[in-house]
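Given as structure tokens, the chain that follows is alone and in the form predicted alone.
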């Protein structure tokens, strides 16, 4: 049995290494394509082992586009969405997990039921509401408001806060602490790991969001880095080197975030699996 187990582990490890190698190839191709000279980067198939390295694609990307504005927009939108989601989702999670009020279960299940509706179904009504009714098109408010807090994040925080000891809340109430004081001074310090995971996942999702910013923005100044990359095309030709450079710039913050906060990403796999 031990030999079979070792063989199984060896085969599994080999498969995982092979799959990791396959998934890294596009990333490697993107980085290599962003540091080739003009002749090589003009081809759709860059050299896997370039003989000449050049930063010219980065110069063309930043010189021909409003890349700095796109990056600033992405950073601003992602930061605001992270703050709003962490604050409002933690408030709602505390209310649904620790407070008893009439209709709490009905409201919670009503919110969860909205997760079953595909986003594509509500996209047109949401666009009409934001652009035609509220006249917020091509603005930061239009990008931020629809996802200022999401049901998925509320569910995540509700599940996490259900695992926190209720006895501490009772003790705080005996000490005449207000409900918001309990939330701020007792719950939030205990929920720091969950809040960290929520913040990281929200920031990554906001940074990588493409379709809604693409749909709601018209001007070049309001584009995010993902939308800007999609618009970086020319009628006569396509500068693949500059596009690869832009893709690398857009992916670099997420790579740094992942490798520096990897343990929080791993916590996010099981953070909602605790039974309340």
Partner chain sequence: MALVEFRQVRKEFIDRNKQPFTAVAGSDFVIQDKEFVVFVGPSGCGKTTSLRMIAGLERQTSGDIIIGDRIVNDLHPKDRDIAMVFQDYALYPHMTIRENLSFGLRNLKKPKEYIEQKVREASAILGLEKMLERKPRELSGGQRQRVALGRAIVRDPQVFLFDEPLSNLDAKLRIQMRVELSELHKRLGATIVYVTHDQVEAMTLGERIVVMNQGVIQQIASPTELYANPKNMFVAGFIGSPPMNFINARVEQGRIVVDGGSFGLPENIAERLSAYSGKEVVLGIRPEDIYGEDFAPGVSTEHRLQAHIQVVEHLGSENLIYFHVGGRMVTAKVHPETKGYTGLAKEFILDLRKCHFFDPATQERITGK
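What you see is a predicted model; the values in this text were computed from it and never measured. Positions refer to the first chain, counted from 1.
Omitted here: the form predicted in complex with its partner chain. The next part is about that form.
**Student:** Within 4.5 Å, heavy atoms only: does residue 71 come near its partner chain in the model of the complex?
**Tutor:** It does not: once its partner chain is placed as it appears in the model of the complex, residue 71 has no heavy atom within 4.5 Å of it.
**Student:** So, residue 168 and its partner chain: in the model of the complex, are they within 4.5 Å at any heavy atom pair?
**Tutor:** Close contact exists here: in the model of the complex, residue 168 approaches its partner chain to within 4.5 Å, heavy atoms only.
**Student:** Is residue 175 close enough to touch its partner chain in the model of the complex, meaning at least one heavy atom pair within 4.5 Å?
**Tutor:** Output for residue 175 is yes: heavy atoms within 4.5 Å of its partner chain.
**Student:** Please check if residue 161 has a heavy atom lying within 4.5 Å of any heavy atom of its partner chain in the model of the complex.
**Tutor:** Close contact is absent here: in the model of the complex, residue 161 is far from its partner chain, nothing within 4.5 Å, heavy atoms only.
**Student:** Under a 4.5 angstroms heavy atom criterion, identify the one residue in 196, 190, 83, 76 near its partner chain in the model of the complex.
**Tutor:** Answer to the contact question: 190.
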